[in-house]
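First comes one chain, alone, set out as structure tokens in the form predicted alone.
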Amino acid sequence: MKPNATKASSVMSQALQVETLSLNNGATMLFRQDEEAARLAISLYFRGGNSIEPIPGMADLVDRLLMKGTKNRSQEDISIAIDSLTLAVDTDTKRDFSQMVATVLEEDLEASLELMSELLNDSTLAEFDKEKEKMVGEIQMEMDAPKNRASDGFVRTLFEGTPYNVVSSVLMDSLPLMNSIKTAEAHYRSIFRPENMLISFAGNVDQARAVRLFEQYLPKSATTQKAPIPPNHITLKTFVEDVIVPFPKDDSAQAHIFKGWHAPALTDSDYYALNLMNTILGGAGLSARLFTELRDKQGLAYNVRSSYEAFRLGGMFYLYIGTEPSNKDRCLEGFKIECQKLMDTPVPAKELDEAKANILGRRSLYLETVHQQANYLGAQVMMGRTVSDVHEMPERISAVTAADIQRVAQRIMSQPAVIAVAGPSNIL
């Protein structure tokens, strides 16, 4: 039987074969056939995440409540059903989307979708108050770690005034405002709707069967209520000079230092060059410049790296080092020197080629399983990229030049930075 869906596009590549389908319940499906896969991977993405929640952290609280009980099953009943189906299922909220991901055997697909549909449509959110208290305890424990305090302060300051700053300290401030389960229920009802959903599916199953089951168990919404529309832009704070965010922790044996800047969104044309710059500076581990210079040569670091995190409407590029507290100023000077080198001097051809090989090698690793493929493809498309963009990544990476990296380094690192430091008060 022909699937009741309109094929919007079909993208073929040597690595992956993915079809984009429009289902009659309003959902979009990324379908990946893999005849050798032993399991099926289901990743359900719902637009919005933290960017559309009525109170900061509400989406995080709701996704924790999804499996705490439904109209027909208790939390224990849900756990028993998951075990009996050999189903692994998890929920999470990110800046741009909420998600439910599952791995299941082919023979359990229909029963698993029935259960997942129940969680998305009939959850009672019954553990609302209890889960709030649990979140407070977990956040307090997390914030006891100096590194987490520094990271929290860095992100909160960098994305101040935007929904991208939902970090642990923001959750602690907003949890007392979540005093009505009705607000959580309204958010739950507005988000988990087929027309707000992207399905990323991979495994050895007939496409027509997969489409039929997703349309059967995730039918069109019965009401005309619309899901909240994610923003099209965010207004990032402009810094006129470096901003220092200190966190005194006198019992800490280390200083934890984050230094970073606003960075391009996932769909920006400089995304690929910035990925290579990150790999060269600190993302490639033992072979990266920060590791070689600050740890190997100068002995300053217990741990040192750089990271680039790109989202739908923005991103962040930052450096991190854990060091003996008296080394704080030397580490910041080391950061400055290595960043300046990238701005002033083109990357040598051999180093650039090695960075490209590193990125493409890691890409092949994180696309090995159907679970990884479904999660990666879904998240990329949810944040604004197309399936074609994903497939073209190797070519885009290969095309980056040393001049591109130098230009991107100047674009990012010539701006004032946010610097968060957690450690003994005498060094702050």
Partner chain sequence: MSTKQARIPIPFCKEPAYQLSYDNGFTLYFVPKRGEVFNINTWVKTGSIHEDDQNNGVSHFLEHLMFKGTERFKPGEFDRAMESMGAVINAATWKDFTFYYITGPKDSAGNNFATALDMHADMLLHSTIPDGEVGPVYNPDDPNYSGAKRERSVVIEEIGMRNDQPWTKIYNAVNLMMYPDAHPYRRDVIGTRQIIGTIPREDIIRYYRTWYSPKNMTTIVVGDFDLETLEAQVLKCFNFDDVKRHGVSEGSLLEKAPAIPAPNGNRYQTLTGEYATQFLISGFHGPSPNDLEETIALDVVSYVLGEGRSSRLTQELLEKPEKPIFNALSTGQSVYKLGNVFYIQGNFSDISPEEAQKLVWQEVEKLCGPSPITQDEFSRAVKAMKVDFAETSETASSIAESLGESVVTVGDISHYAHYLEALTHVTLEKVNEVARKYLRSERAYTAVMIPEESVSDN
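Residue numbers count along the first chain shown, from 1. Here the rigid core means the biggest group of C-alpha atoms that line up within 1.5 Å when the two forms are laid on top of each other. Source: prediction; values computed, not measured.
Separately, the form predicted in complex with the partner chain exists; it is not shown, and the next lines address it.
The contact residue chosen from Ala186, Leu177, Ile229, Met141 relative to the partner chain in the model of the complex is Met141, the criterion being a non-hydrogen atom within 4.5 angstroms. Note on contacts: among Val243, Ile181, Leu213, Leu85, the single residue with a heavy atom within 4.5 Å of the partner chain in the model of the complex is Leu85. Heavy atoms within 4.5 Å of the partner chain in the model of the complex are found in exactly one of 300-308, 154-162, 260-268, 334-342, that being 300-308. The partner chain is not drawn, but in the model of the complex it has a heavy atom within 4.5 Å of Gly322. Heavy atoms of Gln207 never reach within 4.5 Å of the partner chain in the model of the complex, leaving it off the interface.
Residue contact check for Asn72: none of its heavy atoms lie within 4.5 Å of the partner chain in the model of the complex. Although the partner is absent here, His391 lies well away from the partner chain in the model of the complex, with no heavy atom inside 4.5 Å. Proximity to the partner chain in the model of the complex holds for all of Ile80, Val89 and Glu354, with the criterion being a heavy atom within 4.5 Å. Although the partner chain is not shown here, in the model of the complex the stretch 362-379 places heavy atoms of Arg362, Ser364, Leu365, Glu368, Thr369 within 4.5 Å of it, in sequence order. Asp34 is among the residues whose C-alpha shifts by 2 Å or more between this form and the one not shown once the rigid core is aligned. Positional change of Ile191 between this form and the one not shown stays under 2 Å at the C-alpha, relative to the superposed core. Core-superposed comparison between this form and the one not shown: the Cα of Glu107 travels 2 Å or more.
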